[in-house]
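One chain follows as structure tokens, the form predicted alone.
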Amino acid sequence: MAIYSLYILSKSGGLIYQYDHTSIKVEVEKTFSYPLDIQLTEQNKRIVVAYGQKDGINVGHNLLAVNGTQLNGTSLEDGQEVMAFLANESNYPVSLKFGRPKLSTNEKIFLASMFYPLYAIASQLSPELKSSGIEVLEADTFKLHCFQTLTGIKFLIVAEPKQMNVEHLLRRVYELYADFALKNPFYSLEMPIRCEQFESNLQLLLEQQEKSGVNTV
């Protein structure tokens, strides 16, 4: 069982804390002949698979290395542009390593801000008044669990689908937030949380819950 990440959103929807607990490394290396049977494109200074997923290489994966050499953005070690290198038939066969992209800080802030309107839409779609909004979003590879406090702070945990008692865990995280962030005289509401005691106790809590998967924390 695994807990992947934790997000804390302010009542206005801004990301005030994020912690990656467990990351799954997804990398696939394959030798290609000319021409490439997958389509690559340049996005945000990265080389990304745009079409033609196969053999574990999926749309959205980043090109990480060429012939065992890590990329520097969209360039090879010698400064040559990757797209120009791959367009040259004389460079084949070529070994390409692809992997799942790691979210940047800006991307995490953007994704967190997108949850706020989704939560509001879910509340409005409810046939009953005073809906709690989104509590669980389930996909084939993960579940997103949400707990909203009375003051509008949202705690989100992304976990493996089989991870147990995440609802209890969310409330324990809220208790840590109340004990170590809200009671910190230097912390201001709606601002990013920077508290070593909160983070160290959070890490310990997540490790205990991940190992047990039961309500013992």
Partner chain sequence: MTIHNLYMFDRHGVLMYYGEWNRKRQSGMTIEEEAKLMYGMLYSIRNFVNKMSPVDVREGFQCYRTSKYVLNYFETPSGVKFVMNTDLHSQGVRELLQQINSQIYIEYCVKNPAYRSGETIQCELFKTKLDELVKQSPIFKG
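Residue numbers count along the first chain shown, from 1. These numbers come from a predicted model, not from an experiment. Under this definition, the rigid core comprises the largest set of C-alpha atoms superposing within 1.5 Å between the forms.
One more form of this protein, predicted together with its partner chain, exists but is not displayed; see below.
Just one of N91, S123, S95, T74 comes within 4.5 Å of its partner chain in the model of the complex, counting any heavy atom, and that one is S123. The shortest heavy atom separation between M83 and its partner chain in the model of the complex exceeds 4.5 Å.
Proximity of F115 to its partner chain in the model of the complex: non-hydrogen atoms within 4.5 Å are present. Among heavy atoms of E138, some come within 4.5 Å of its partner chain in the model of the complex. Contact check for A50: no non-hydrogen atom falls within 4.5 Å of its partner chain in the model of the complex. Per the 4.5 Å heavy atom criterion, its partner chain in the model of the complex is contacted by stretch 56 to 64, the sole one of 171 to 179, 35 to 43, 56 to 64, 186 to 194. Residues are counted as partner-facing when one of their heavy atoms sits within 4.5 Å of its partner chain in the model of the complex; in 126 to 150 these are S126, P127, E128, L129, K130, S131, S132, G133, I134, E135, V136, L137, E138, A139, D140, T141, F142, L144, in sequence order. Comparing the forms between the shown form and the other one on their rigid core, the Cα displacement of D140 stays under 2 Å. With the core superposed, D55 shows a C-alpha displacement of at least 2 Å between the shown form and the other one.
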